[in-house]
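In the block that follows, a single chain appears as structure tokens, in the form predicted on its own.
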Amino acid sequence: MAAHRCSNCAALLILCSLSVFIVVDSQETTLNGGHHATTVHNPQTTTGTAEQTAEPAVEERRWEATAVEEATPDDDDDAAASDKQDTSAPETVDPSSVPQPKDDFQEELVIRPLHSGDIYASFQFRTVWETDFMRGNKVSHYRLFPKSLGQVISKFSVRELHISFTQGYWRTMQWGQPFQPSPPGAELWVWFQDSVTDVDGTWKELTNVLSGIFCASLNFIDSTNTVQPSASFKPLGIGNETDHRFLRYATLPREIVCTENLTPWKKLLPCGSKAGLAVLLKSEKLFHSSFHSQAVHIRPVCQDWQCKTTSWELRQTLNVVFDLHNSAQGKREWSLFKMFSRTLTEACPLASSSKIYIDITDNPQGEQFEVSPATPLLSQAVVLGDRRTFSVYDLTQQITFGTVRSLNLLIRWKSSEGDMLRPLLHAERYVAGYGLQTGEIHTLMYNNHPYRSFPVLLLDSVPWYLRLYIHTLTVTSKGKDNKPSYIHYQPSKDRLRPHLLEMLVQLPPNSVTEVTVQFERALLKWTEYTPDPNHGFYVGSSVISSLVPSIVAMDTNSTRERPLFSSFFPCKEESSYFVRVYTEPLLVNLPTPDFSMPYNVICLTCTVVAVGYGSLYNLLTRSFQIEEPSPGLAKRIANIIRKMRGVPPL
């Protein structure tokens, strides 16, 4: 019995010691996890809160924070002191010791209902990678950044690359300003690093490589359609003061965009078209629209507001405008399934942020259209000098998809009333004149601001076969001459380079400024005409860049967290924002020979040769023989009888 009692006491002592160790361990774990208590939420609490918010009885809406407060030196000192205290304590873990991912991927979809009943959808995919391509370092491991583009940056020493493929023309006066403008056809402009010695040779090789990557006709870019702007197309990334000798710009206004261009574009995404917002990119729906544009932008950006660390940003954008009558059968009702023939079921697993924004600025009380399912999350962002309000759907939250595990946003119009705010800057261009010898190019620039004037930078690239008379250049505003403050003109060389005209013009308030220049059409060689010469020859769009006065104060901190559609163009002034406008491409007829005449000449020549030579050949090669007349019937009968008798014939 005594031994049994001793064994029971020993067992109790062991259990007590184990319980003490468990309690101490749980306390240390609680202390270590205290630093993350403000950032890690309980999933049950979050789900419960979301379910309570989604109840019809609660109609309050929450605002999403789209700005991050800037760090001050005092805050940095306090943070450093707290870090020192944390590292000195034995029971805490230094957060800096945890390895942070060097690349990040975000995706967004912005839907803007237009007053015409059409709908504008803009996809934004952003991949940021903290690496260095400029110092010749060989990068061998790629996670989110596409390897094909990384090798292009390293091999050709590319500093910035911007390429777009557009089908259709953006109607500014009907649809307003787009988030990212692009001209019809294909556009490519590249900044090379200052270490490149042969820029033209590198440019030619780069266009051939990009032609293979995107399955496009970029290999037709040569010296006849490439220009070197002196003032336009400043770098959008780090460093705005760069030697323009390392800049090349070219357009192909006749480039046709189709499925073979969209497929390689989607393959550059980390999730491809298998998950996330990219599942909506169905080619048969995207190309059955009024406007379609896809682009790729690569540039170095700053990671923090002091720009101590830099990263490479790959931004893939796709803008599409669905026509009311073609896509919606005349009904003012839209949904994701009606636009893209698909719905959303999940976000991209590799994306740190996946959101859908619906512009409800012109619909504050829901009097014009209704959005379902409703979301309690709202967000405000400054876009193109105006503060806009958006309904936000966060795809990383399962509550967004509901119980059916599918999201099909529906926009149903209630009223067609309402006026669209006219864009402050608008431009258009056309060709005047008659005949096939001379003509005149007219460019109209509209300043719709009621009392503010602002300068614009106009860039025109005209092919060499339209010989400009630069002495006929005139700029008029409100019936008076408007002298440009800066003019850069590079004349063309036949079959070598195009014309390049850049001007800095001040646009008076509420005015129309007209730029005209006369030209003469050249006569091409018969081998230089296209297969359909009577269709005409395309002239690329004019490019107009300007800092337009803003209604609200712009954010000059490019590293501040905000939606992707409002953070593409850098802003250095709070009172203005950058706008780039493209005009229509021109279609010009040139003196065209009658290409049916060679066919007629060939047919006539062949006929004459066949008749004449055939007759002469017959006379020279035919042999003539004298043929005796055939005997009569009686003689033939007699010869037959004589033959039977064995007598020679008569």
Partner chain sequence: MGLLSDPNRRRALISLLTRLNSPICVVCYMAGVAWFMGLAFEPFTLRTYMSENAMGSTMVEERFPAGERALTTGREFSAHKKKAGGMPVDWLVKTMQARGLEVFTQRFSRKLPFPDENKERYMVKGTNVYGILRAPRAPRTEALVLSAPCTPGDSNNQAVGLLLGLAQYFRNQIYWAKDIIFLVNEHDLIGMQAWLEGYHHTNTTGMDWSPLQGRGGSIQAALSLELSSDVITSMDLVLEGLNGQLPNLDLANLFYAFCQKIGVLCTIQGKLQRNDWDSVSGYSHSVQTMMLMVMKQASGRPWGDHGLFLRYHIEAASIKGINSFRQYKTDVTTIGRLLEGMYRKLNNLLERLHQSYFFYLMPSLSHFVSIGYYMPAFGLLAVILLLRALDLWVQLVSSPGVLSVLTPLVISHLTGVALYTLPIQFQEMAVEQFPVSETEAVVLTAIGYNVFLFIYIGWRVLKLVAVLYLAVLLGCTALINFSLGFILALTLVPVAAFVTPHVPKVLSAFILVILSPACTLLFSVFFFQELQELPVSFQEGWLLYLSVISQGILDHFLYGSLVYPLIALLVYPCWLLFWNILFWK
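Think of the rigid core as the biggest set of C-alphas that the two forms share within 1.5 Å after superposition. Every value quoted in this text rests on a predicted model; they were computed, and no experiment measured them. Positions refer to the first chain, counted from 1.
Quick note: we don't show the form predicted together with the partner chain, though the next part is all about it.
A.B. asks: Just to confirm, with a 4.5 Å cut-off on non-hydrogen atoms, which of Pro509, Pro300, Pro463, Pro533 contacts the partner chain in the predicted complex?
C.D. replies: Contact with the partner chain in the predicted complex is made by Pro533 alone.
A.B. asks: Which residue, Lys338, Lys282, His442, Lys234, has a heavy atom that falls within 4.5 Å of the partner chain in the predicted complex?
C.D. replies: Looking at Lys338, Lys282, His442, Lys234 one by one, just His442 meets the 4.5 Å heavy-atom criterion.
A.B. asks: With a 4.5 Å heavy atom cut-off, would you call Leu587 a contact of the partner chain in the predicted complex?
C.D. replies: Yes, Leu587 lies within 4.5 Å of the partner chain in the predicted complex.
A.B. asks: Does the 4.5 Å heavy atom contact test between Gly433 and the partner chain in the predicted complex come out positive?
C.D. replies: Within the cut-off, so yes.
A.B. asks: Can you check whether Pro484 is within 4.5 Å of the partner chain in the predicted complex, heavy atom basis?
C.D. replies: Output for Pro484 is no: heavy atoms all beyond 4.5 Å of the partner chain.
A.B. asks: Does the 4.5 Å heavy atom contact test between Gln167 and the partner chain in the predicted complex come out positive?
C.D. replies: Yes - in the predicted complex, heavy atoms of Gln167 and the partner chain come within 4.5 Å of each other.
A.B. asks: Specify the contacting stretch among 195-203, 287-295, 453-461, 373-381, defined as having any heavy atom within 4.5 Å of the partner chain in the predicted complex.
C.D. replies: Stretch with heavy atoms near the partner: 287-295.
A.B. asks: Heavy atoms within 4.5 Å of the partner chain in the predicted complex is the criterion; list the residues of 445-482 that meet it.
C.D. replies: Sequence-ordered list has one entry, Tyr446.
A.B. asks: Can we say the CA of Val609 moves by at least 2 Å between the shown form and the other one when the core is superposed?
C.D. replies: Indeed, Val609 is displaced by 2 Å or more.
A.B. asks: Is Leu619 one of the residues whose C-alpha moves 2 Å or more between the shown form and the other one after the core fit?
C.D. replies: Moves: yes, 2 Å or greater.
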